[in-house]
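As a starting point, one isolated chain is supplied in structure tokens, in the form predicted alone.
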Amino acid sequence: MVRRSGRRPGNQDTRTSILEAARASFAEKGYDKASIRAIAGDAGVDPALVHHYFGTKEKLFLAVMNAPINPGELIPQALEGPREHAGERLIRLAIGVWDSPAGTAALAVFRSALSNEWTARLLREFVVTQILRRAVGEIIEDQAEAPMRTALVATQVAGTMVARYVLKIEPLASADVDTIAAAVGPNIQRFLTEPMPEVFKQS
């Protein structure tokens, strides 16, 4: 009689176990520190099965978040074009996603994060590592300033999304994208590229 390995074979239950282990790992350790090998160990499967079902760690994270979009496919749109207009392109991209059918799923995740700590951790990791880091990293020249500038960009993007789609504050809620881009884009641009000596004091 051949003794069976403790690793689970591939099936739907295995996929669910991987997602549950990944959800806990990403929320506890963050995206950067979580590893496929550790997630596989927690799920009781071989790392090869994780790659079989999800491919890469990035795709596994998107599956955990049930993300309605793949930032890796959309963010390049915000990077194309003159650097001095990146702020406007970024807010236009965000509004475009939220105004699309994908916006319903995004809103559900956002609302859940307001009342659930684990969902909030996952959403923070998703926004920082999959969206802001991609969109902002190549625009900001001084990487020592990148964390603060990225967080400041988040105040404008997330704040606009909450006011427009969650709280539905008028006239912002019904304003057209050109109006919002003209109002918010310059603020994002300042946080992306303009000197901020009052924030980044020289030592």
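In this text, residue numbers run from 1 along the sequence as written. We call the rigid core whatever largest set of C-alpha positions still superposes within 1.5 Å between the two forms. None of the values given here were measured: they were computed from a predicted structure.
One more form of this protein should be noted, the form predicted together with a further copy of the same chain, which is absent from this view; the next part is about it.
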| item | value |
| --- | --- |
| Proximity to a further copy of the same chain in the predicted complex (heavy atom, within 4.5 Å), stretch among 52 to 60, 134 to 142, 151 to 159, 27 to 35 | 151 to 159 |
| Contact test in the predicted complex: Ala48 vs a further copy of the same chain, heavy atoms, 4.5 Å | no |
| Heavy atom of Met65 within 4.5 Å of a further copy of the same chain in the predicted complex | no |
| In the predicted complex, Ala21 touching a further copy of the same chain (heavy atom, 4.5 Å) | no |
| Contact test in the predicted complex: Val97 vs a further copy of the same chain, heavy atoms, 4.5 Å | no |
| Heavy atom of each of Arg15, Pro101 and Thr104 within 4.5 Å of a further copy of the same chain in the predicted complex | no |
| Core-aligned C-alpha movement of Leu93 between the shown form and the other one, 2 Å or more | no |
| Large Cα move at Arg83 between the shown form and the other one, threshold 2 Å, rigid core | no |
| Shift of Ala102 between the shown form and the other one at or above 2 Å (CA, core fit) | no |
| In the predicted complex, whether the C-alpha atoms of Ala94 and Gln130 sit closer or farther than here (change of 3 Å or more) | farther |
